[in-house]
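Encoded as structure tokens, the following chain is the form predicted alone, with no partner shown.
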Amino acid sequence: MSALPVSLPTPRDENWKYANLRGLARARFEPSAPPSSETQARVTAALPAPLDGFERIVLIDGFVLGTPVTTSPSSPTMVNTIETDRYFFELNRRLRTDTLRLDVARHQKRAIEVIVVSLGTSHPAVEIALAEGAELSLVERHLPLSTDAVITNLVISAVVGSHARLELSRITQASSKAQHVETIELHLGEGSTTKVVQLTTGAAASRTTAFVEHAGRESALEWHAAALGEGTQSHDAYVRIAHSAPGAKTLQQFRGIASGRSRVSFNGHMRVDATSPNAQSDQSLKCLLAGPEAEADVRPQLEIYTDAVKASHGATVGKLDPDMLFYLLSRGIPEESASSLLKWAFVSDVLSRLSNPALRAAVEHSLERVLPGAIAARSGT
């Protein structure tokens, strides 16, 4: 096991300059205690209706309820990471008390819903292995069932085999006092297809650190993410994607909204190695400032070592369109609802990527608190 870095990352570390780790700096990290039968019953009673056609697995403070799904796959190797980027990954490996292992056999299909609940300080871990031609639709939902200052340090590792398909829908809706940090690893095999759709709301502070390697030729990745900040929340993400094989393709999209005094940040690092001729990389990073003291930071990075590449990137930070706002107000829509409707339209590029209609409807309903009146206004326009 690798040595744990001496201290937490800080804003002085390049990939962490926008992350808010103040709450974690004061935390005491230790293994979680198993949930009692009373806790399990209370959590089970509070769960949303299951998705049709999906197996459901529940994790409470990192413990997998019931029997793990299958045997353990091999974990992928992180790509060109530095010590500080590995801090929470190594912390999770040292303190995790259970591991959810998902294995899909050759040319088999599975649909799994994973519900993650944190009631204290937890280190949930999910390891995924897709054999050749396998398909997995995985819905991962984090539910705010505690109002305490909980801490979640999540690790997801996935090996996507040749010509396999992974669809990962990630819905993180944490309580207002929560601290959420996660490390994601994806290892993509030849001809594989991976789609990640991620929505982050709630939490006093959240941080996503992701490492993706296109290890096999003609692998394809779509990464669609949205973050909605309010109050004094901070949502930060660093996603590093390495194109290491011929014909690798990436489409990356981020939409962030910072309201109140919140801060939303996204750092997308695309690397195209000399071993990846004819690679394609497309980035679109956009943030919306919806508060006088809000802050947004988007940073597209391209690191290219071959001439045979198609690469494009765009990054913008702006405010609500005053002409569109005036138009909606002129149609009799209240100002708060009109503002919410414009915000809704801004993140709909990401929400529309959720392929499961029931999940998409549940997410839209849950956003009514963050974007009040948007659904009603949309129906009436």
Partner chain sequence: MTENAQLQDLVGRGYQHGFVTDIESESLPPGLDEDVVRAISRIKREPAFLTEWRLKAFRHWLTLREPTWAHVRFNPVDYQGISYYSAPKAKTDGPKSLDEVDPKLLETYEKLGVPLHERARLAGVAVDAVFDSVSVATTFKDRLEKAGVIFCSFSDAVQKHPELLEQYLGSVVPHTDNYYACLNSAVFSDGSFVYIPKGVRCPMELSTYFRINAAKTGQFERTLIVADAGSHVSYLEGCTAPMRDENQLHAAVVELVAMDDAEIKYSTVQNWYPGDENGVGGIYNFVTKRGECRGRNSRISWTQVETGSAITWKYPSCVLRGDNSVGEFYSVALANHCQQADTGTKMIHVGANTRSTIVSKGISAGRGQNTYRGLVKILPTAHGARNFTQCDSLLMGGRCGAHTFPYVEVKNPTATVEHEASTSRISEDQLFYCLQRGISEEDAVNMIVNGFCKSVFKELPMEFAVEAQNLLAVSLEGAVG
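What you see is a predicted model; the values in this text were computed from it and never measured. Residue numbers count along the first chain shown, from 1.
Omitted here: the form predicted in complex with the partner chain. The next part is about that form.
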Just to confirm, V309 within 4.5 Å of the partner chain in the predicted bound form by heavy atoms? yes
is_contact(K319, the partner chain) in the predicted bound form, heavy atom dist at most 4.5 Å: yes
Quick one: does L251 come within 4.5 Å of the partner chain in the predicted bound form, counting heavy atoms only? no
Is it the case that R22, even though its partner is missing from this view, gets within 4.5 Å of the partner chain in the predicted bound form, heavy atoms only? no
Quick check on this chain: which one of I304, L145, A105, A111 has a heavy atom within 4.5 Å of the partner chain in the predicted bound form? I304
Have a look at P334, P31, G314, P34 for me and say which one sits with a heavy atom within 4.5 Å of the partner chain in the predicted bound form. G314
Among 151-159, 287-295, 126-134, 168-176, which stretch sits within 4.5 Å of the partner chain in the predicted bound form, heavy atoms only? 287-295
